[in-house]
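Given next, in structure tokens, is a single chain: the form predicted alone.
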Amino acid sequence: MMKKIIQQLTSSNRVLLASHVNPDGDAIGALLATGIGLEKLGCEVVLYNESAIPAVYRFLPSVDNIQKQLTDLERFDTAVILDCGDLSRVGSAADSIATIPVIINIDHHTTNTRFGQYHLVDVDACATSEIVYRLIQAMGIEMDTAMATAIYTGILTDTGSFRFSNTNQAAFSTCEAMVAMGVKPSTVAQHVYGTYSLGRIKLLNLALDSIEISNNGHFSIMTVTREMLADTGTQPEDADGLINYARRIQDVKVAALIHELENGNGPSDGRKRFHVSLRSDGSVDVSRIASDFGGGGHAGAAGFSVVSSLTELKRTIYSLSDGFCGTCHLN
């Protein structure tokens, strides 16, 4: 399959690259590294992500080239979809992107639906950025520091700084190679983990106050509403990573972050649009919970979007979690 993908990319004139909504470091890193690489081949490349790029990733080379809107999709002969378990994960443009003649699916999620004409899906890869690095090597594209920084950031963040269960030998060997190409780990870490705006600190305070714990202490829910964002002067991307605080609570096996979406009014009164992120301590496969809502992800990290009332959504999540933590009613 790798050979066919390389043939398709090298024969393409205009390529659309897209990654999932609410992008994390891997989605952004894979997007940027692939884009820079294809530009070196002389391809006309457009980078797309529907969501705003979180502030912590705006230091990455070429990040300003990522567009939030798409036009003239008929001009593309190929689309490369990165870090998406399903084409719908690119957001509102999914149906339009589906009309592009050839779609290449590059991903590492266990829940990947194998959409598109060509698939480069490796569920054993630590990150989609690792797969992109292998593709770049196979295509004979010369790596540079910009591409290396994007790939390093993708692997660093998707492995939780090498703490998560997806951390494998390739994670270390690839990052070692990126450092040899000029990546400065301390600089990347400072941007990704070391700098927060005052507004984000205030948002964290409100999010921590929202935490609810099940009676047995195994399940936690954190909530971020549009009102919280308005009160703190923050953007949706500032909620990135907050779920880790809810997951690190002693005895918690699974944490959920319920994030009210922009323009989130649902089809009826009292119902809104939410994105739910799930994190596990490793003892629970949260991708199974997410799949019940049409979402997906990894055993340790997954998510889904839904239209619901907040109360109904919490009740439903807790009912699904009963299978792994007993009776998980709210305190």
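From 1 onward, residues are counted along the sequence shown. Everything numeric here is computed off the predicted structure, so don't read it as measured data.
There is another form of this protein, the form predicted together with ligand AMP, and it is not shown here; the text below is about that form.
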(message) If we define contact as a non-hydrogen atom of the residue within 4.5 angstroms of the partner, is Val45 a contact of ligand AMP in the predicted complex?
(response) no
(request) May I ask you to check whether Arg89 falls inside a 4.5 Å heavy atom distance of ligand AMP in the predicted complex? (result) yes
(message) Is Ala301 near ligand AMP? Define near as a heavy atom within 4.5 Å, in the predicted complex.
(response) yes
(message) I'd like to know if Arg273 sits close to ligand AMP in the predicted complex, meaning any non-hydrogen atom pair within 4.5 angstroms.
(response) no
(message) Tell me which stretch of 66 to 74, 32 to 40, 53 to 61, 292 to 300 has a heavy atom within 4.5 angstroms of ligand AMP in the predicted complex.
(response) 292 to 300
(request) Would you mind picking the one in Lys253, His109, His119, His191 that has a heavy atom within 4.5 Å of ligand AMP in the predicted complex? (result) His109
(request) Counting only non-hydrogen atoms and a 4.5 Å cut-off, give the residues of 6 to 44 close to ligand AMP in the predicted complex. (result) His20
